[in-house]
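So this one's two forms of a single chain, laid out as structure tokens and tagged structure 1 and structure 2.
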Structure 1
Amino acid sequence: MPSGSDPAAAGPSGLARRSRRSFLTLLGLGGSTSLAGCNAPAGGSSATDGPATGDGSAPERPDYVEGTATGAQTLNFLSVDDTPSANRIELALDGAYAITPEQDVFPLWADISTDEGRVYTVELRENLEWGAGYGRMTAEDWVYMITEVFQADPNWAGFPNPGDWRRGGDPIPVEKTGTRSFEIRLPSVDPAFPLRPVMWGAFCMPKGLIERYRPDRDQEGLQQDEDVQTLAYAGNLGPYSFERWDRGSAFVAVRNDDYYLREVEDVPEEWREAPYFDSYTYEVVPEESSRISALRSGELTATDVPETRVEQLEGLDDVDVRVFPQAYMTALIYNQRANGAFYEALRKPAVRRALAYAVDKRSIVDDVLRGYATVAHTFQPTFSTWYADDEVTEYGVGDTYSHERAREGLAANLGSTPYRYDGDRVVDEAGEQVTLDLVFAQGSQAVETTAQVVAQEYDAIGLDVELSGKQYGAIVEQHLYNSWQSDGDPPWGAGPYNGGPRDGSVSQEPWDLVLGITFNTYPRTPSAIRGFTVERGGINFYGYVPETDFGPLFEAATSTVDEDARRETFEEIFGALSAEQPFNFLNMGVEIVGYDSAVAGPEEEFGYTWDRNTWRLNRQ
């Protein structure tokens, strides 16, 4: 997923979900956050965490099966923009390093260090082996990957976060300094660089694999390569190895007997035998009720739990429900591109502010989400150290929830658009009722109910709303992806989510509102939201053109080590976003997970999945 940390390049950033590594998480699926951790035993409860057998053979370990609402889109991490795909890949590829809840770097494949915050040295472990005959992982693999894929211009591989590897539009210089080491030479000091989803959780492919497709810029060839589709190149680089992938039903990985971390000495003892399961399965179970039933019966070890179903699991001896803070924000997203039915109006901040008055956010949090969320007013959770109450403008709560103020705001600001009030209804140039198409992600009752609430609120201010429920993948392909439809070549493009200027680049299917797609707010490194908030941002599928010049502000926040200066700049950014309302910030969710009560490991804290490979089952 793209993360959009480059001030100027504005490559796509991504979808994100979970407090787990967010290398690719920009967007997520609202209302059905998947777990990052364990899975449950396929076909029944797990037994133990692997006692010795006594005859010298390998200990028996339980299997884990995690129930999820949706399947993966791809196993090519260069194309990943969804959480389900990322989760599957993470089983076979650890990534460069993890970040602990205390914001410390925990080396996996590599460690990262710096003397003065500008030049970072990455040192790879010496026992990293690719699979499929690609040999040892070296610095040459990484430098080739960064320069010929991540920084490639044009972006031939479709990498969703090219902006991560640029500063001011220029590639960040990267240089091999040894067989297992390379340097990243930032143009200016950035003390938070290790926390950004750039090297954190970054994946790599063997140079020998990429070289087959780089000369012809053969993205499709790379996508279809069997080594990519089966993760065969993963070798000893992850806790599990690919076993099978039945699209739409199950992804199965088995314990990797050659996992490199068992051979290193600088990790805590619990990592030396990880993982503690013989297999890890993602079982796709679209229906919430079926997933909950499977958890209760022991068929699943873990699954996400909708807010509306927590009560069904409370008090059960065999199920443990845990609630985790997370960084994903649910918004009502406005289509400001030229294929919407109301786009001329939605491009005006004053109209968006008027619409924000119409929706009761507190009621959605309390009544729809049963209190398992907090109201959002900008692109940052209130638990973030960068959030500033006094700079943020609130809409949709208390006195700022008002249909009367919403109608007044619309009436006063529709004048320069093709729309107007006729009596108490909003009509178009032909005098016909304006009807907005609200597309919502299926699979979550909370999302569907919220969509119904929005339709009722909009009806009260004179706008009709038609609801269209679709699977997450269909929403991405039909409504989020957009491409240039006008004459000639696009003047610029920032990837599949932003094919160019909003008058010429539109999605396959028209839409007006989208609900159920969540945004990663990156509370550790908030400048990573740049890709969502600038015109050429990689995730700007909604066609937002801000009035505030956010680019220099993100540049200023990124390049200083002065904490007070950074805080002041971020306060200005988040204040401006709350005022411009690029979309209606609705709520910051939590991740609710139901586990087999024998699962030991997950702690209820932000970033809890960093050590998930050490989790286990403790049966009595």
Structure 2
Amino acid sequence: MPSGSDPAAAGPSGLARRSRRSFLTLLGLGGSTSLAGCNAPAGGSSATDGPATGDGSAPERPDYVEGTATGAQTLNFLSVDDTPSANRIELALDGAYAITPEQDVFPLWADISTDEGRVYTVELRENLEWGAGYGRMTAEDWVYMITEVFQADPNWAGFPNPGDWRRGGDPIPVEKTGTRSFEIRLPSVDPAFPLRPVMWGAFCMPKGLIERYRPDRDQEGLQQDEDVQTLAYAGNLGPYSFERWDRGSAFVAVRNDDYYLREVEDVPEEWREAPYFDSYTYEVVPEESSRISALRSGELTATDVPETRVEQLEGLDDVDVRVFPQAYMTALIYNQRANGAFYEALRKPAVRRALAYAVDKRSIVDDVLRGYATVAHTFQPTFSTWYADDEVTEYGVGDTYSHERAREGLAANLGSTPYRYDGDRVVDEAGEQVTLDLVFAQGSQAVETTAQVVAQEYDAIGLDVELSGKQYGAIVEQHLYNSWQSDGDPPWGAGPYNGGPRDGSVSQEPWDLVLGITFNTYPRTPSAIRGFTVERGGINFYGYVPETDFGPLFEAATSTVDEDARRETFEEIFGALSAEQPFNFLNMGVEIVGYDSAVAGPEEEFGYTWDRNTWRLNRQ
């Protein structure tokens, strides 16, 4: 979504060890934002905001209309597991704080601080008012929300991320320390806690509202509550107020005249005048062509643009296409569990490295994705603070894209497996051609074409590949879920994606390669990828058993506040991953958005939506 900041999706990372009370330090941040072209003129309104009326009344501001493919499902943030719903709620509720692209905390409702990275103090602003007669927002509301909803057992409200507020299965102690402050006492040091989507972007409901449903654990009642359905409790807590929600059509929010940020002095000037639109509308336009047409005709202010359509918008005066780096990686995943046709070979890092030589990553980025992606070499994007060029081994680009080297690598390392080269083809023990089953996610032409490219590349090194496209849900159910199929109980299990050791826990349907399942690389809190890299990781559906002992490395990286030590450890982790090639890291995606060319504010950087309330329309 063009303006969707999805903390859960962007994920956690880096250390934000900050001194207490940092609101005022953000005034400096405002200066840099101003230089970037978002400065608000002194006194507030300007020609860019729309004409000021002669009678001294409020200036007229333009409306912002964003086109989206799908609509919201709910306005109850306790039930939100989709980005469109979260985007709409964020118009009326600011959330605790934002994270800047520089990974600084930008206080909105609250600031968070710590001395040693274990106990965090959250301090609320004093002018936060609920709507619908619920009074002032206090620490009492937050503590009640956290303990009675987020940490409730059973999870009566169906809160999608109950694990966020637990450590080792136990609730994180939370204690009120004042009318407007409370402490979060982590069981161990976690320097990246403010960057995790736990307090970052967290919403709250009034205690008085929750109390009506908590005793009977009435999720249905809460879901259907009128105040929840219309965000009536939002009061002055967001830049916009709920106006109407036409399901399947439009969500309209109007400028909130009582927005709390207007009364505070510790934020940059442009935040106090925000937002710069009279209304913000999410218009649901399911068909891609219609969205692009509406952008061209000026009926939409912004909408996502697929890479295949950027060309149509280039050269138009009224439309400006911007490209934002993202943290989602596309990988070619190898099945190293026992139900693959080539698993004995794929378990060997040397074989995986040989296969990585065979696929031209640059060509996929340039020709299939039309340049709208970047080549990936490890489980971090290159813009990440934790990415170190000199630690990462590159495959599939320049000299490291070579069918000859791939063949040599395979020939040299297939020896201890049932496979071998017979002429220029790879055969099994019976002398039959090895054919790999590549399952790809349907719905994206780019993914399908990439699968075809991979099949051609593998054919060139003697491996046949059969392609089969499936719906995402079917891939998950048939190939990603795996369970113990051998005798007796599994020695261990790590959930539906990792039912146990790779020799005994296999998926319902056999597979060799999967394409089209993207992984979040969590550049802010890279320790979140642990589950991908250790044998017992909850998401290790591909049966990867690393040669490097990643567990202790992650422990070391997450338990120290020493920034240099963390950096060194993460660099070692990402270097080792690039060398072991648990899967072929292909590319990092981008988000492409088409804007009305008068829109000022969005910067082409990761996490660009954090200050979307300060964006405006600069009509000449």
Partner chain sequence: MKRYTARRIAWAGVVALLILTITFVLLELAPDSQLARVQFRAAASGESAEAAADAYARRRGLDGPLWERYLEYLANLASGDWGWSDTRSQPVAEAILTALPYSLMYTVPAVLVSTTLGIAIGLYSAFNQYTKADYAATFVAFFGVSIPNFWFGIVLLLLFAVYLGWVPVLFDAELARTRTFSLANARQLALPVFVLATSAIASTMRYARAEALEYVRAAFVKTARAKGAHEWRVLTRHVLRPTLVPLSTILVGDLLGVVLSASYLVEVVFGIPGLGRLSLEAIRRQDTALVLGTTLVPVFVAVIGNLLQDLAYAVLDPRIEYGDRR
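Note that the coordinates shown come from a computational prediction; the quantities given were computed from them, not determined experimentally. Reference numbering: structure 1, starting with residue 1.
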For the form predicted alone, pick structure 1
State the hinge position among E129, V590, R217, Y419 for the rotation of one rigid part relative to another between structures 1 and 2.
V590
How far, in degrees, does the smaller rigid part swing between structures 1 and 2?
31
